[in-house]
Every structure is written in structure tokens, then in C-alpha cells.
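The chain below stands alone, shown as C-alpha cells; this is the form predicted alone.
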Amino acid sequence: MLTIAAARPSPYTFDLPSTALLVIDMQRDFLEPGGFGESLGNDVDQLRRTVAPLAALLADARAVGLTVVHTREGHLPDLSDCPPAKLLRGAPSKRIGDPGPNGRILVRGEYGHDIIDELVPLPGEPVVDKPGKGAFHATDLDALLTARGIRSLLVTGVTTEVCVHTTVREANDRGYECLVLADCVGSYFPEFHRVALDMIAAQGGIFGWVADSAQVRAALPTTPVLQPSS
């Protein structure tokens, strides 16, 4: 068992065979110009600070054989899985399905829908396509994790208060113990990021724990202990 002593609100203990690194929605449409994030008027550079620490954590996790799971938010080309409540909200410069510089926005199979080059999944790492904010809604993520004996999640990705928070809440209801890595999750709004992390760790860890990735990396073994995830 490994322990992250400095985690909030209390030390977080996890076992490598039953833990997965969950990388949520690190897609071009959210992190690069011309995608959905920018169409909502956001500064996509706000999310770029997560890339370097997440890449370092990902390399260490792979080196010890930790299970790694990626998610992508997006919709079928005919948008039949995108409800009007999502498609028609607000007044963005471009809506889901509209053409953009990286293809149709948030549509599966388009260049913008895919994960950024710095964090590209390796062969054998599951990629879960989700139509909603939470990674468990209308996906096989729970079955995938259960089949691998996963009970603890190291949670990373974007955005802190939306897809990350929704996924952590869903995971908590399903009995997973989540450690959210503060420097590996990001928001377009720094204040939302701070408050969202505080909400997770509040009331004795009502949704989970919060720590920095450096603390997890320091706790990982220096030699492989597991077979690579598949």
C-alpha cells in the first residue's frame, strides 16, 4: 500500500493493482484555439498549465504498469446523442457540430475531438468516449474498471468544475475512492478551480481527496511492479 500523507483532508492510501490513472478530456477542442472551449469565450491557455505535470505523471504511471484510462467528450456525427439542453445553451460563437479549424466541434472522429499530442494514449490504454460531462454516464467505464479490479482513481484532466467534478461525484456514488491531483486538473476560471477542489475535500472528504502530482510521483516505486495496462 502507498500513502500520500499530505493529501487533503487526510492521508490517502492506495494499492497499485486496484488503482487507475483517469485522464479526463485532454482534447484539442478544449485545450487548443478554434475548439469548443474557445467558442464559449474562454482563454484556452488557462488549461495548458496542466499538460507538463500530467505528462510527467503519466510517464511514471506507465513505468510502474499502472492502469491508465482516457476519456473524450463528444457526439455522434448526426448529434443524436446531444440533447437540446446541451446543444442550444447560451450563445457561443460556434455550436457543437459546427465546422471549425480542427473539424466539426466535439464530434467523434474529428481531429479536434482527439487527445492532444503530448498526452496521446498508448496502444492498449482504454479510451472511453462519453456524450456527457460525467465519464460514467452512458459509457462502459464502470464495467471496464470493475473488470480490472479498480477501486481507487487518480483523477486528472479538464475542466475542474465541470467534467472532472461530475466524474468524481459519479465515482463517489459508485464506491470509488478518488484522489484529485490539483496541478493536473484545470479550469478556464482560476476561482472555480480553487473552489471545486475545496468542495471535493470539504466535510472530511465528502467526494474524495486532493493532492499534487509530485506527491504521488514520489510515492510510486522506481521499478515496474505491474504488467502494463491493457
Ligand code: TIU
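Because the structure is predicted, anything quoted here is derived from the model rather than measured. Just count from 1 along the sequence shown to find any residue number.
We do not show the form predicted in complex with the ligand, though everything after this point is about it.
The contact with the ligand in the predicted complex, taken as any heavy atom within 4.5 Å, belongs to 133 out of 94, 151, 133, 108. The single contact residue among 51, 44, 162, 199, judged by any heavy atom lying within 4.5 Å of the ligand in the predicted complex, is 162. Heavy atoms within 4.5 Å of the ligand in the predicted complex map, among the stretches 153 to 161, 140 to 148, 77 to 85, 111 to 119, onto 153 to 161 alone.
The ligand in the predicted complex is not approached by residue 59, whose heavy atoms all lie more than 4.5 angstroms from it.
At a distance threshold of 4.5 angstroms between non-hydrogen atoms, residue 176 is out of contact with the ligand in the predicted complex. In the predicted complex, the ligand sits within 4.5 Å of a heavy atom belonging to residue 40. Although the ligand is not shown here, in the predicted complex the stretch 30 to 65 places heavy atoms of 30, 36, 40 within 4.5 Å of it, in sequence order.
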